[in-house]
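Below sits a lone chain in structure tokens, taken as the form predicted alone.
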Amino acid sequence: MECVFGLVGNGFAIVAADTSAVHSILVHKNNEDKIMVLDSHKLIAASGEPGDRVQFTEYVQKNVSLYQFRNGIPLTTAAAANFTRGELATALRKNPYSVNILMAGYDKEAGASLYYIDYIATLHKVDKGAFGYGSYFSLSTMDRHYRSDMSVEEAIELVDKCILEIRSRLVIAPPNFVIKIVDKDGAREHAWRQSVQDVTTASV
């Protein structure tokens, strides 16, 4: 029951994702970070098959780094999103990735932005977006409360409302979420919202 969502505020973008690693009826861990830092001012949040999600996001991260290494300048958020879409579109005709992506970034000229990229290589620039079963509740909550001029504090409050709604309404709701933010100061982890601690098996 994956949940990934994000929004753009006044000079920043926020993305949140559940941290559950699940297969069938088993929960393997509750602290899986599904939001990767692409570079100093970009985040990529992904949902989908665990193998595809990890492999593809790492592939994008390394290629974004390679471009900067070769050319001496980083890709813009729009360029990184279009590169990601292109790779998904190419794979779609060969060996498709089952992965959905929200890419958030901050550029000096364009400011903060959020891109929606799904598994069939659809790309849209959005103010707010979501993937997974949690999108049924987070999208409706954001439709009701979202404003484009929100401050960081207001946006975090809205993210918490979405998390509360997911936990209240979804029959098998993920217990833990991670929230990350990107603005002029860079991409960074903001907070975790945990209701279950990850338990390690005691040695016998």
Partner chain sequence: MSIFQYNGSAVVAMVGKNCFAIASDRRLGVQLQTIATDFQRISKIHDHLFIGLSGLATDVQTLEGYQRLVFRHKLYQLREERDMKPETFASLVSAILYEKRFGPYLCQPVIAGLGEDDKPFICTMDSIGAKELAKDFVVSGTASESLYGASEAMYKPDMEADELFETISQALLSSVDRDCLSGWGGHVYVVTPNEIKERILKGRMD
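Numbering follows the first chain given and starts at 1. Everything numeric here is computed off the predicted structure, so don't read it as measured data.
If you look for the form predicted together with the partner chain, you will not find it shown, but the lines that follow are about it.
In the model of the complex, residue 91 stays away from the partner chain, with no heavy atom inside 4.5 Å. When contacts are judged by a 4.5 Å heavy atom cut-off, residue 170 does not count as touching the partner chain in the model of the complex.
In the model of the complex, at least one heavy atom of residue 135 sits within 4.5 Å of a heavy atom of the partner chain.
Contact check for residue 27: every heavy atom lies farther than 4.5 Å from the partner chain in the model of the complex. Contact annotation for 58-91: residues with any non-hydrogen atom within 4.5 angstroms of the partner chain in the model of the complex are 82, 85, 89, listed in sequence order.
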